[in-house]
Structures are given as C-alpha cells and as structure tokens.
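The chain that follows stands alone, in the form predicted alone, written as structure tokens.
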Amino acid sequence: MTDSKYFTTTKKGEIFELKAELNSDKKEKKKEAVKKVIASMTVGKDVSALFPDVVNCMQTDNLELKKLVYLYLMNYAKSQPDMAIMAVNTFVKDCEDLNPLIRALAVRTMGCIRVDKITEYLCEPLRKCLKDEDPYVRKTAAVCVAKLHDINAQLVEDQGFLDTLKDLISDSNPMVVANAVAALSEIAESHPNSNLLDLNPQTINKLLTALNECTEWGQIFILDCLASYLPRDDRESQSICERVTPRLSHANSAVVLSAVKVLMKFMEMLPKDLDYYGTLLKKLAPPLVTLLSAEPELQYVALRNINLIVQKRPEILKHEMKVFFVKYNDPIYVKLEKLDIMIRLASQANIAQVLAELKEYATEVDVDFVRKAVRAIGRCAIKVEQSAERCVSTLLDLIQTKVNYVVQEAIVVIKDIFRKYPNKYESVIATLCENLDSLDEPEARAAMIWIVGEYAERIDNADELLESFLEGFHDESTQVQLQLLTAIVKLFLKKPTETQELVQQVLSLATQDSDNPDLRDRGYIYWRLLSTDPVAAKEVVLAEKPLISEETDLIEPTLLEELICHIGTLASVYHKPPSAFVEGSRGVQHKRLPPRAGSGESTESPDVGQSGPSEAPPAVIPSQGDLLGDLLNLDLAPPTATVPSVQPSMQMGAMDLLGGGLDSLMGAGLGAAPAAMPASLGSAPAVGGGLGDLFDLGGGVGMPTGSYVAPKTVWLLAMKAKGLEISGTFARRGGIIQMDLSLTNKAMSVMTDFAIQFNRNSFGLAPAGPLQVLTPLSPNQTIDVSLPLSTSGPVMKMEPLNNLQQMQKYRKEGFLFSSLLEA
C-alpha cells in the first residue's frame, strides 16, 4: 500500500477528525493521523490548528512517527513560537536518548527551528552532542552550529562553539572532519574577517588524511577548504598536489572539478622546469576529457570550466582537440561551447583538421551554429597567420553557396581579416561586392560599407555603391549610419573631385536630419575637420589602423585568476565573479591565484586577497564630486587665435558646406594647408539653421559664443500650473551653464512673485542666484529669462541620469515639473 491514499481525502470537518485521531490511544491510528497531517501540509493546507495535538505525539519510541512530528514542527514552529516551546523538553530528553539516530534527529531539528526563544534552550544539548561518543551525532551537531550561527552569531561565539568546531577538525572520524570544515567555511563566508579557518601545515595534513576516507560531499568540502590555503613554498605545494591527484579519478564530477581547482591553484607555485609540473599537466587532461562523456547538462558545466582552464593553461588540452569536435546530437548550448574551445586550442599543428571540421559545420541546418562556425573560421585566420590564406579560400567557397546568412557572416569576418592582414587579400573584394544586394543584417551591411570605404581607391564604382546605401539612410540602424558617414568621408578624401555632392548630402543627413547624438556629433566633427584643415582630416580619418588582436574575447587576466579560484561553482559557469550575482555579504571576497614560482612576491601572508606593495596602484574611478565637477566645467570658450571676419547673414541653405576650404584638397593636392578658413564655412547659421559652430572655433564677428543650444521645449503645461506655461532649454555661455526659460501667462490675471527651486539631481545643479522676473507677467504675455546654474548643489543619482526636477513658484503656489539636461 503506497502513501498516496493520504492525499486523496475530500472529507468535510477534516481538522476535527484528525484531532480525534491524533489523541487516539492506538499507536497505529496516531501514526496514520500524523501522516495525513503531513500530507495536508505538503499540498498547502493550513493544519497549524493541530499544533498542540501533534506535539503530544512526540512522546513515542517509534522513530518513523518521531521524524514525522519533527517535520511538522520545523514547518510551523515559526508561526507558533509560543507553542513550540512546549516541545523543548522533549528535544532535550531526545538529545540524551540511547539511540544515536534519535539524538542526531533531535539536534538537527532544533537547528532547523528558527525561533529565537528556542535557541537558548538548544545550547546545552548541542554542547553535549558536539562531544558525543557517536560520530554520526557529532557530524550532525557540527552542521547545527552553522545553522545556529546564522540565527544568532553572538550566542555561538559566547558559548564557545566555534572553538569546539575547530577541535573537531582533529576528530578521528573523517565525516566529522568534513562537516566541521563545511560549517567553519560557511561561517567564514558570512564573516570574511573572522579568520576562523586558520590553516597551517598540521591542519592541512589532517584534512588530507581525512580526504581519502570521507564521502564524496565531504571530499568536496575539504578540497574547497584546501583551495583557500597558501602553501609556504613549492615543496609543500607539490606535496599537496600529489595527495590530491587521486581525486581526479573519482566518479563524482563535482569532486573532480574541486580537485582540478586545487591543482590549478597550486601549480602556480611550481617551477615550470620541474619534472612533476609536466607530469601534472598530463594527469589533468584525462579527467577533463572524461567529463565530456556525461549527460549534456554536465557536459555544459564541464565545458564552461574547461574554457577557463584553456585560457589559463592551453597546454593541458593541446593534444585533445578531437574530443571537442561537435556530435550531430549535441544540444546547441554544448555545440557553441565546444566551438569556442576549439578556436582557443587551434594552432599551426592542428589547423588543417579544425578548418575541415568548421567547413563541415557551416553546412549544418542550425542557423545560429552555422553563423558561429563561419565566425570561427575568421578567428582561426586571425589567430594562426599561416592558415589565413586557407581560411579566406574557405570563406570564399562558403560565399559561393549563396546562402544568405552564411554570406553575411563571411563578409563580417573578412572585414576582420583585412584589419589583421592589410594589403594582402584585397583581391576578394570584387566577389564581396557581387553580394551587396543580398545584405539585410546591420552588422553585415556595416562591414561591407567599411570595406568599400577603406578600399575605395581600388573599387571603380565605390561612390555608386555607397550612394545606394545612402538612399534609405534614416531607415538604417545606427551602426550602419555611423559606418556610412565615415566611409563617404574616406571616399571624399581619396576622390574629392567626384564625390563632393555625396559628402555634402551625408553630412547634411547626419547633422540636420538626425536626432541621434552620436551620429550628429560625428557629423559635426567631420564637417569641422574638412572645413578647417583638410590635411588634418586626412591624417585623422585615413590614419593607419592598429592591427586587431588575436583573441578579442579573452577574459581579463585578473578576472580569469579569480574565476580559476571558483572552478566548480556557479561563478565558473556564468564567467562572472560571485560578487556580480550573489546578493548580501556572502560571496564578495575576491580571490586570486598564489604568486608564481620565482616571481619574487612574498608568500608569507595567508591573505591571498591582498596585492603586494610592489604592484602598481589600481586605476580608480574619481569621486562623484570630482567627476561631475570636471564634466560640467569643460572649458569650451572660444580660442584666442584670430580668425578672419565673416558675414553673419549667410543662411545654411545658401552655404557651400565644403566650399573653398578644400581648394588644396581638390586642386594643389593635400600637401599644403589652406591659407584661411573660407567665409562660407566660417559663417554658422542661427540655431534654427542646423549646424552651428559646434566647437566655438570661430570667435570672430557674428559668431555665437557657445556650444550647440537645443531648441526650447515645453516643460510645464498651462493646464497643470493654473495658466503658467514654461518652455526651456540649457546653454553654456562663458563657461557658465544657463537655463533659458520662456514664461507665458495663459490665464486671465497678472502673475507676480516668481521663484524657482531645484530638487537634488545627478549633477548637483542648483540656481546660482534668484530667478529675475522684474515685471509682472500680464495675460497672454511671454517673458524670456536666463537663470545661471552652479554645480555646488546636493547630488543624488536620478533615473534617467539627466533628469532635473524643479519647483516653479508664483503667488506662493508651487508646481513641480521635470526637464532633461541635454548633453
């Protein structure tokens, strides 16, 4: 008969019947009733009303019944703390029972009941159980100390339980040692500065002795504890590695990964010329390979850890490339991880078989996997120079398949190959241009535009190709727009006489018709460069580009060291430090590998989290005040250099955007700088006209002295402020931030007594003086007023960062409104 019958009852008045059964004299009936109570509790019914009746059932010799009652107590003690005290005497009595299972059960349950009133009664039984003659009771009591510490840390310290736990590390039973280590590690994590695990060679020896005899989970606790120890020298490090190495052949993958973590950490202290170092490298490979024969979920965890190990020590698995070849029935997440590791292990010795495998993957049906495979071919070309030609040939073969997403990925990686090997494989550009019409993904379009702009002098119809992209400029993604702007400027600098209209068109689109600040700023910069100094423009835009690095996706070395110290944990799967995803005080300790053998760093201090005095001080982010002060006090005033006078009345529409300033570019060549800034370019239009004088470079007659000023927008509607409408914008004049306001009276009465107040904001902005509205505001009248701002106000981060909340007052009434501070 199964226990499912306890879950099928639908009787009314069930609680009353259970109460009667719980108080029955028959033991079997009582046990059946408790089972029904536990079943009801399991499915979410409230059976707390039966608390006193269930507690009465504790007085029994039946172990099964006692377990059920303890289970009920753990669940409801928190909601019935006063009644839970009724059970204390039974707990204390059970802690002295002749049966060690009952003693352990009692102390375990008391540790799980998180009620402050009970914890003080727990101390004496716990002290006895920590020194119990039976190891099962002692190991249970060790874990109970950690639970009690979580409830009341001060009580545990006052009662001396931590010292007793430390003594248990020397216990004769390996499971007691393992649980004592686990409990101390748990407590140490929540109190990083307590130095509870004061490890020394004698303690380490005891842990290593217990390692061979305890259960698999006990081994994991001990191995994790060993990983936090810093050996005194390379001899001790080698000795520990020799005693941990047998754990690599354990059946439990968690034990294997914990052993790998210890060995990876202690290998840092071994000299590379030591014979044992080479032996250890060979011993690490087979267990890692064995992990890949497990089920897919375990494979994924193993692969994420192997990814870290390969970045740190690729020599461990350099001869094991074939085990990372993808199987047809692997899940996509396993395939992608294997692909990543294959690239990391690629070398001149195995590149032929890797490329053959990748070419095969590129014909698979899984689109995501095919994309990654094509990218992997490009990464191989960049990593192994000798294989670059073969990789390019493979990519061209894939382009000939005319499969849309394959072609697009191939173009993206060929762009990177051009960056790595300039002037070497440009003969393939004609093939790429044939596929121009099929590109519909932003990254592929941006890559193709970059290629056309970079090699415009080799493409006869480069201007036509770029013009075809320009037709739908506003429909393109930002990535494509930015790349198109740069490519056309490059083309113009290489072929100025043929493409002047094209560059005028793109600069106008980028600066006048776009609301994207990145695109607009880049357009202004190019416009200013081209108009003032074409020679400088050529030096900047057509400058020789640095070669791209072999591995762009390597984890930063300091983070990699920390993740190696967390092998076998979630941190190694996420590839993030614990502090990035663990809330609260736990997991925020930053670990690092011990200093390498012969590096000269001190190994005396056991605190491996501290950096040595010889290291360069880390770069720090400036304090908020400094950062904001610098940000808001940029000196954008006009330069003192004299500029020829200009005509202020010139309008943008009639202006030759790239006029006479480019004479040297189009006539005498790029060798000579222009004699003077042309009048047509020097005259900036009014704000409404578009471009403005972005960098205050023209301090002459008729030039506005300030940065770009956004048009005023309505900040406070009249219907929300009893007829007062406020429009405004922000500007900078003479290095001072100004808030330009337009106050409009849309009410029927005169408005007076204006004042303004700012809430705390991200930039510490506050009025530098009172709001000067000198005359009353009559109905239907508008007054323009400028309010100077200071950056000395209180700072508080806002969402969004540039949000500015203000209170406008008149006639002693206040109206709250918000504005966004424009960059």
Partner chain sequence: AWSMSASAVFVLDLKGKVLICRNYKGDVDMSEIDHFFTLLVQQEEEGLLCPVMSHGNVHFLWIKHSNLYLVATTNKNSNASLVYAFLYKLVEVFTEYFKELEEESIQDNFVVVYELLDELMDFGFPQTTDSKILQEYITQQGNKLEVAKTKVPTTVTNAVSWRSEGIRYKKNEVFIDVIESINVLVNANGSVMSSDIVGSIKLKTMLSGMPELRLGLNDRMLFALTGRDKGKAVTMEDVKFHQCVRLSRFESDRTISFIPPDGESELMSYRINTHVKPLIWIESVIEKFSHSRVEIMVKAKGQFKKQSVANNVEIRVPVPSDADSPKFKTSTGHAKYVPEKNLVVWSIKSFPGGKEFLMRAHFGLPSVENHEMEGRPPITVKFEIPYFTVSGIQVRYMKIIEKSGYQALPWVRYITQSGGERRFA
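Numbering follows the first chain given and starts at 1. Rigid core (definition): largest C-alpha set, two forms, superposition within 1.5 Å. The structure presented is a predicted model; accordingly, all values stated were derived computationally and were not measured.
The form predicted in complex with the partner chain is left out here; the points below concern that form.
Segment that reaches the partner chain in the predicted complex - one of 294-302, 308-316, 407-415, 479-487, heavy atoms within 4.5 Å | Partner-contacting stretch among the options: 294-302.
Please pick, from Ala349, Leu554, Ala543, Ile332, the one residue with any non-hydrogen atom lying within 4.5 angstroms of the partner chain in the predicted complex.
-> The option sitting close enough to the partner is Ile332.
If you check Leu168, Val392, Met751, Cys214 against the partner chain in the predicted complex, which one has a heavy atom within 4.5 Å?
-> Contact check passes for Cys214.
In the predicted complex, does Pro174 have a heavy atom within 4.5 Å of the partner chain?
-> Within the cut-off, so yes.
Answer with yes or no whether Val326 is in contact with the partner chain in the predicted complex, where contact means some heavy atom within 4.5 Å.
-> Yes - in the predicted complex, heavy atoms of Val326 and the partner chain come within 4.5 Å of each other.
Taking the shortest heavy atom distance, is Ala49 within 4.5 Å of the partner chain in the predicted complex?
-> Close contact is absent here: in the predicted complex, Ala49 is far from the partner chain, nothing within 4.5 Å, heavy atoms only.
Contact label in the predicted complex: Lys29 to the partner chain, heavy atom within 4.5 Å | Looking in the predicted complex, residue contacts with the partner chain do not include Lys29, since no heavy atom lies within 4.5 Å.
Quick one: name the residues from 438-459 with any non-hydrogen atom within 4.5 angstroms of the partner chain in the predicted complex.
-> Contacts from 438-459: none.
For Pro287, state whether the C-alpha moves by 2 Å or more between this form and the one not shown after rigid core superposition.
-> No, Pro287 moves less than 2 Å.
If you line up the core, does Pro100 shift 2 angstroms or more at its C-alpha between this form and the one not shown?
-> The answer is yes, as the C-alpha of Pro100 shifts between this form and the one not shown by 2 Å or more after core alignment.
Is it true that Arg114 shifts between this form and the one not shown by 2 Å or more at the Cα, once the core is aligned?
-> Yes, shifts by 2 Å or more.
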